[in-house]
Ligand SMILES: Cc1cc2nc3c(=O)[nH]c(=O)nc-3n(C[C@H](O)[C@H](O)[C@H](O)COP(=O)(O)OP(=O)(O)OC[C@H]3O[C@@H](n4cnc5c(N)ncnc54)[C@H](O)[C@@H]3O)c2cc1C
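The chain below stands alone and is given as C-alpha cells, in the form predicted alone.
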C-alpha cells in the first residue's frame, strides 16, 4: 500500500479537532481482531471536523469507510487502502428531547449503553438492543435488529455529515431494508432522534434480562467474533441452514465455526481474515449444495471483495 502523500497528510492535520493516524493497524479496533492497516485513521472531535475531513477526502479522490464499534466488520489482511473514520467519545452522548418521550443520541454511543440509559429514564422501545455489540451510527447504517424489532421502528430522523455540511434527514426519506439503510452517498451518521414510549423501569429491565439470557444460551461467549456471519434468507434462519449442513465446529487456521451457533465464526487462535473467509466460503457452498439457497453476508469486508464474488460462482 503506497504511503499517504505529504500534502494530503498536512491538509488533514490542519483540520481543528481532527486526530490523524497514518498507517494505523485496524485489528485492535474490530471485535474479531484480524486484518491489516488503514492508509490513514481519522478520529474527528466534532461534526464540523468530520465535514471538513470528508470534503478533503472527496477532493483527493480517496475512498473512506466508517468503523463504529468494530463489530460486523472484517478487515482484509492486506489492509484498507483508504481512510477509516472512527467517531470518538465526543459523539457518545445522549440528550432527552422534551416534551416528548424521545432521545437524541450521538452515533458513537454503544447500543447496550443506550438501552440501559433509556431504561433508567423509563423509556421503552430499545430493549432489543441491549445485547447488540455495536454503535448507534453503525446500527443505523445496517438497520440493526433482534427479537423481531429493528432500529428503523423507533427512529424519527437521522443527523448526517457529508462534504457539504450537516443535515437532518426524516426517517421516511430513507430506504429501510433488512440489515441495511439506504443512506445518502458520502454521508456519515452523527446522531439520531428516537421516539420511545414511557414505561415502568423494572418491566423494561425484566425484558433486558430475558433477551440477554436468550443471547447467552444461543450465541458464543468469551471468544472473539464479528456477530452474525450471514443474513437470514426470507422465511429462513441462516443458523438453521448452516447447522443442517453439519458445519458446527469446523476450523480453518485460527478461525472456527461456533459449536454453539453455526452462523458465528470465532477467532480461537490468532485467526487471519483469510481464515475467516475460507470458512465463510465453505459455509455458503455447503448451504447452496444442500438447500440451493445463496447466503448473503451480514459482515462487511474492508479492503477486498468476498471470494465468491468472482464470475462463475453458482452461489454468488
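Note that this is a predicted model, so its numbers are computed, not measured. Positions refer to the first chain, counted from 1.
There is also a form predicted in complex with the named molecule; it is not shown, and the following applies to it.
Participant: If contact means any heavy atom within 4.5 Å, which of 95-103, 232-240, 213-221, 197-205 contacts the named molecule in the predicted complex?
Facilitator: Residues of 213-221 come within 4.5 Å of the partner.
Participant: Heavy atom within 4.5 Å of the named molecule in the predicted complex: which of 259, 31, 281, 63 fits that? Just give me the one.
Facilitator: Of 259, 31, 281, 63, the residue with a heavy atom within 4.5 Å of the named molecule in the predicted complex is 31.
Participant: Using heavy atoms only and a 4.5 Å cut-off, determine which of 79, 125, 82, 227 is in contact with the named molecule in the predicted complex.
Facilitator: After the contact test, the surviving option is 227.
Participant: Indicate whether the named molecule has at least one heavy atom within 4.5 Å of a heavy atom of residue 69 in the predicted complex.
Facilitator: Residue-level check for residue 69: yes, a contact with the named molecule.
Participant: Can any non-hydrogen atom of residue 107 be found within 4.5 angstroms of the named molecule in the predicted complex?
Facilitator: Flag for residue 107 set to yes.
Participant: Within 4.5 Å, heavy atoms only: does residue 192 come near the named molecule in the predicted complex?
Facilitator: No - in the predicted complex, heavy atoms of residue 192 and the named molecule never come within 4.5 Å of each other.
Participant: When the contact criterion is heavy atoms within 4.5 Å, does residue 145 count as touching the named molecule in the predicted complex?
Facilitator: Taking the distances in the predicted complex, the answer for residue 145 is yes, it comes within 4.5 Å of the named molecule.
Participant: With the distance limit set at 4.5 angstroms and only heavy atoms considered, check whether 133, 179 and 187 all reach the named molecule in the predicted complex.
Facilitator: Per the other structure, all of 133, 179 and 187 touch the named molecule.
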